[in-house]
Structures are given as structure tokens and as C-alpha cells.
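Shown next are two forms of a single protein chain, provided one at a time as C-alpha cells under the names structure 1 and structure 2.
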Structure 1
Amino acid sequence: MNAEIIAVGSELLLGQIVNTNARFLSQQLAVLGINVYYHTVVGDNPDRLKSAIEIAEQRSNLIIFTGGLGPTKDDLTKETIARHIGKNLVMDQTALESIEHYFKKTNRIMTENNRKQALVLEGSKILPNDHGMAPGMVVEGDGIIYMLLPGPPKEMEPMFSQYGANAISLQYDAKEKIVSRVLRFFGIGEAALETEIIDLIDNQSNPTIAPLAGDSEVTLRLTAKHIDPDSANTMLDEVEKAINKRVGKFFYGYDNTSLMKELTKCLKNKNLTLAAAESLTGGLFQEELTGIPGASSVLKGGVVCYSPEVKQQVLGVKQETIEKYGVVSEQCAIELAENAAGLISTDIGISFTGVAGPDELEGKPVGTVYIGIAIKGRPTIVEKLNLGGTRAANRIRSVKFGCYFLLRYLKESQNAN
């Protein structure tokens, strides 16, 4: 079975809201073993919606609509589909009573147009709306299944999970299940990663490998189909092993994780504490880290040391270090990391100093960055970056590289032990 998701609503095209419904439905359909090849968004216009339906019918045998089931004049999904497939709209008494009960319960006057929400396609299977008013419905015609769902995610998601998925399963017995896994990489570009595994991509069939570039990151989505989910996962394990033989040093996690989440988890597991000295990043590292639940158990504090005076007076960077090497230097990064850990009494100190832009500093070009990492009992390490992006991008990428380097060193230390 091939599915298409059609989201109805001009507000989506205007960018007023994000179409999270399509993402949710794609994930749920994958579990059912149903392919989703197209996402369509169409405004509140009956002619354009009719055209979108006609196109979808040529390439999909399950069409799921979200939105356009409300009481107002521009809610026209039901009416358009009814005309298109030759079905009447009839009043669903159960839905009408539920709507009337809602207005009585909230002590509000029910206007006549709210009755429209209880209209359903004749002969359709009704999907109750436990979190709103307009019911959903499923109807079949000429070998195509049409499913209509409300637009608000708080109504659509539970409706599909509780009623919609089962309604599809009753009409479609999927032999194969789809299992997906996302591998996350940092420190290697999309083109470079693809070059390393190009033969695996070219020879893919099942599982499939799909690269996707992110914000300074690259992800690979691995997808396998099999009757037995355990066998599908075994297939994914084999492909993942082949990929990591080539680019494993850049791999840091799975699915919806992030560098900050992985770093926090690693520090917690090792019972290590962290302090930060931030010049270039101006507190961005600590802001990102404190956005992760549990960060308070690993981050004790830090210093935003933008000026040379703060570097000297608060963090104890030697005056001769600044005079001889400058604030944008390996030597300054070392003292910042070591002294931050000493000042705040932590196991690890990390420092960021560099040239964010737009102008060069101390004769060093924009994008020059030094990240210092002082781990108790180990020599302090400094990583130099030559980023050369915009000011905002340089700061964000510096924070991510700081996470990546620290996470890598901690894992290397663990492997060495």
C-alpha cells in the first residue's frame, strides 16, 4: 500500500503554522508497513483541493487528509471529497450529541454552523474525536481508501493512534513491517561521508541508506522491511556495522539525540563535573547545556570572559600570556580551561576563545577558534578550528565542536581503560 498525506489549510502555506501532522502520520504509517511517497499541502480552495486529490489517486491507494473539518466556511475538505467520489454528507447523530453536550458543559451558545462538524460521508467508518468536536472518517471508493482527520495535532494524533491505525489495518494486512534507525555524525561533511560509503549507497536495496545534512551534522537514515521486526533490526545492525567501519569515529548517537544530550549522559555516567570559560561563545555553551534535563548534576558553573581584564582578574590568565600570545591563542585557551576547573572545583574545564567576526582580531582571520579541554589527571588539550562562517554560525559551530571533542576524549579514555 502506498499512501499520500494531504494537509489542507492556507495557514500552512502562509507559514503561520508548521505541518507536524505529516511527520507524525509518516512515522505511524511506517510502523504499519505502509509506504509514504508524497506529502502535499493545499490551501482552503475547493478547486485546488480537487486537483490535489486527482493527482494523489494516480499514485496512491491510501490518501489521508488533515484539516478542513471545522465549522467555518473555509472548512471544505468533506464537501470537496463528497462531490469528488459521489457520496452524500449525512448527519452523524452521535457526533452531533457530543458537540451539543460540549457547548452545554461549557455554558456556551452553539451556533448553527457548528452542526456542520457532525456531517460525515455516507457509508464511512466514523473515527470518534475524544479531544475535540469534528469526528474523523474512513471511506473506500474504487480501490482507494480516503481517511479524513482533524487539523489540530492534539485532536489528530490521538484519533489516529486510537482509531485510525486500526481502521487501516482492518482493510490492509501488511505483510512487511518497516523499521528505521537514524545514525548521527559530527565532524564530517555530507559529501565526505557519502564518498566514504558510496558503494554501500549504490548497492542498497533492503535496507536502504538515506543521507541527510543538518546544522553542522550529517545523519543517515537506515530503513529495513521484513515480516519479522527482529530480523529487520538484524539487517540494520549489519549495515550499521559496515558504515561504522569506515566513518565510525564521527558517529555519536542515534535517532533524536544531540551532542549536548550525549555529553550530559556521558558526564553523568562517569560522575564528572564541568566548568566553562567562554569568550567567543559568550555563554552559549552553558545555555545549550542547561537546556538538557539533568544538566545541573554535571555543570557547576562558568564564566563569560569576553574582555582581557576578566580573563586576567577572574580566571587568572597571566598578563605575559596575553602580551606574548594574545587572547586568541592556544596558550590562552589552556589557562582558561585549567583555571575555570580550578576556580569552580570541577573535574573538567572547557574554554572557548576565538574570532567570531565580522572583523579579524590580533591578526587572526574570522573563524579562528581555540577550544581548550582540561581533564583532571590528563594533559590539557587544545583543538584549533578554522571555520570562516558568519558570526552566528561560528559561535554555534564552536559550541558543537566543543561538545564533540569533549565527548570523544571521554570515550577514548573509557576505551583505553
Structure 2
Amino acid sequence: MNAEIIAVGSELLLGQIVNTNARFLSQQLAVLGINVYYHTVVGDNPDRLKSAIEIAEQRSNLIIFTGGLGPTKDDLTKETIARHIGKNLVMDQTALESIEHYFKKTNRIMTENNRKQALVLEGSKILPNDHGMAPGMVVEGDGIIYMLLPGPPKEMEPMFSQYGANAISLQYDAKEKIVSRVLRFFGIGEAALETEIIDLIDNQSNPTIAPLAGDSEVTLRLTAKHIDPDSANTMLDEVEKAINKRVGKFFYGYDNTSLMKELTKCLKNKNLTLAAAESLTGGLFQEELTGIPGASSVLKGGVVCYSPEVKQQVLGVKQETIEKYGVVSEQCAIELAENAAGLISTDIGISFTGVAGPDELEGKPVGTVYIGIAIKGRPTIVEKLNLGGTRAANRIRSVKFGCYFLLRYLKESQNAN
């Protein structure tokens, strides 16, 4: 089965929004083992949409549309498809009730054009919209499956995951199942990682191994095909084992995890509390950590010590430390980490001090960063980084390295015990 994704919306052609729907659906279809050969974006214009449909029908047998199911006059996806494939639009009572319910719940007044959203293609399977008004639908005609989904990602994504994928699977009885797994690495570059495992990448086509770099991390996507999903998983286990035999020390987690999520999990398991002293990162470490629900059992709080005075007055860094070594120094990082843990009464203190840029500081180049880690009853350690990137990148990478070092330190102590 070959799929094509057609996004309908002039706002995409004006560059007002980016087509994240195509990415989401492509990922989902890859998991289902369906090839996606084209993405198309077309505006709110019935003639150009019709022409895009005709082209798609020549080369694809699953056409997924996103957008143009709204209540206003420029929403015309289902009207255009109905005319094109010769089906009527009929009122769907369940969808209508759901829209009426939505208006009651949000205390808003329903207008006549909202009823238009409950019109569906005759004979289509309805995909309920749990996060909005326009229902989705699937219909077959002349061997081609047409799937219509709403444009807003917060409606489209759960609709596809909950109902759309299943509707396709029913129509498309794949013999081979596709199973994917993402391995996440930190502390090694893409080229270096690829060099270590290039023979594994080159010498096998099932599972495939696809490296991707991004956000200072590298991931490997392993994909296996097999009639039996359990066997596909076993194939992935084997190739993962072979990869981690070589580069396992840089591996930190699977799929959608992050260094911060892994750190939070580790601290929770060990029942440890954390305080942070942030200079160059300006609060980013704590902001990311508190972005994870349940962070309150781990992070008690911290200080954003952006100016030297706050380092001294609030966090008790000694005057002589700053005079002798500067605020960008190992010594300052140690005092910040230890005193943050002391001030806030936590098991662990972590500190970030350095030169984010764009200008150098104390004669130290942009990207010089010291990360201090103080754990109760153990020697305080400091790691020095030379990042040399942009201001924003240096802050993001400092936080990632902070998570990475603390995680490693906690795991090393575990292994030592």
C-alpha cells in the first residue's frame, strides 16, 4: 500500500504554520508498514484541491487529507471529495449530538454553520473527534482509501492514533508487521557513533539501523519486519545488544524519553532530593525538571544566581573565591553546588556557571562551563565543558550535560556499592 498525505490550507502556503501533521502521519504510517511516497500541500481552493486529488489517485492507494473540515466557507475538503467521487453528504446524528454537547460543555452558543461540521460522506466510517467538533471519516472508492482528518494537531493526532490507524489496518491486511525501537545516545557525535557500527549498518537490511542527530543527541532507529511481532522484537533485541556492546556507555534510554526524564526517574527511585544553583543556564535546568509532572518529590527548589552578588549574598560563595578564581571556575561551581544543597536542605546540589555568550567573561572564552555536583557524604565533583556554540545552544547543552553527569555519578555509586 502506497500512501500520500494531502494537507489542505492556505495558511500553510503562506508560511503561517508548519506542516507537522505530515510528519506525525508519516511516522505512524511507517509503523504500520505503509510506504509514504509524497506529501502535498494545497490551498483552500476547490479546483486546485481537485487537481491534487486526481494526481494522488494516479500514484497512491491511500490518500489522507488533513484540514478543511471546519465550519466556515473556506473549509471545503469533504465537499470537494464528495463531488469528485460522486458521494452525497449526509447528516451524522452522533456527530451532531457530539457538537451540540461540545457547545453546552464550553458554554458557547452554537451557530448554524457548526451543523455543517456534522455532514459526512455517505457510506463512510466515522472517526470520532474527542478533542474538537469535526468528525473524521474513511471511505473507499475504486480501490482507493480516502481518509479525512481535521487540521488542528491536537484533534488530528489523537483521532488518528485512537481510530484512524485501526480503520486502515482493517482495510489493509499487512502480512509483515513492522516494529520500531529508538535508542538514544548522549556524549558521542553522529559521525563517531556511525563509525563504530558502520559494518552493522551496512551489512543488514532487516532490521535496519538509521542514525539521526539532533539537539546534541544521536538516536538510532531500529526497524524490523516479520509476520510475527514477537519475532520482530527478538530481532531488535539482538541488534540492540550488538550495538550496545560497542557504544553502550553512551546509551541512555528508549523512544521518547529524555535525559531529564531519566534523571527524575532515577532520583525518585533512590528517594533523593535536589537543589540547583543556576548562573549561565538562568533557570533552564529547573524549568525543564519542573515541566515533568511529579517533579515536586525530586526538586525542592533552587537559586538563579545570575549576578555575582546573588552568588555571594544568597548562596554564600566566598568573596575571595570570586576574586581569586572568578565566577567561571571550578571553585565557584563547588561552593554553589554545596551551598545550594545546604540552603535548601536537600541530598544533592547541582550548579551551572559559565560563559553563555555572545561575549567572553573573565577572559574565558564563550562556551566555558563548570558543572558542580555535591552529593551528601561524597566528594563534590566538577566537570568542565568547552562548548563554543551559540548562547542558546550553550545553555541547552549545559543542562543536558548536567543531567548526564549526575545520572552517571548516581549510577557509578550504585555499581560501586
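These numbers come from a predicted model, not from an experiment. Residue numbering: sequential along structure 1, first residue numbered 1. Between two forms, the rigid core is the largest collection of C-alphas that superpose within 1.5 Å.
K.L.:
Quick one, which of these two is the form predicted alone?
P.N.:
Note: form predicted alone is structure 1; the other is not.
K.L.:
If I superpose the two forms on their rigid core, does the C-alpha of Val36 end up displaced by 2 Å or more between the two structures?
P.N.:
It does, since the Val36 C-alpha is displaced 2 Å or more between the two structures after the core fit.
K.L.:
Cα of Phe65 displaced 2 Å or more between the two structures, core superposed?
P.N.:
True for Phe65: a C-alpha shift of 2 Å or more.
K.L.:
By the 2 angstroms cut-off, has the C-alpha of Glu194 moved between the two structures once the rigid core is superposed?
P.N.:
No; that C-alpha moves by less than 2 Å between the two structures.
K.L.:
Could you state, for a rigid core superposition, the Cα shift of Tyr163 between the two structures in Å?
P.N.:
Looking at the C-alpha of Tyr163 between the two structures, the offset is 6.6 Å.
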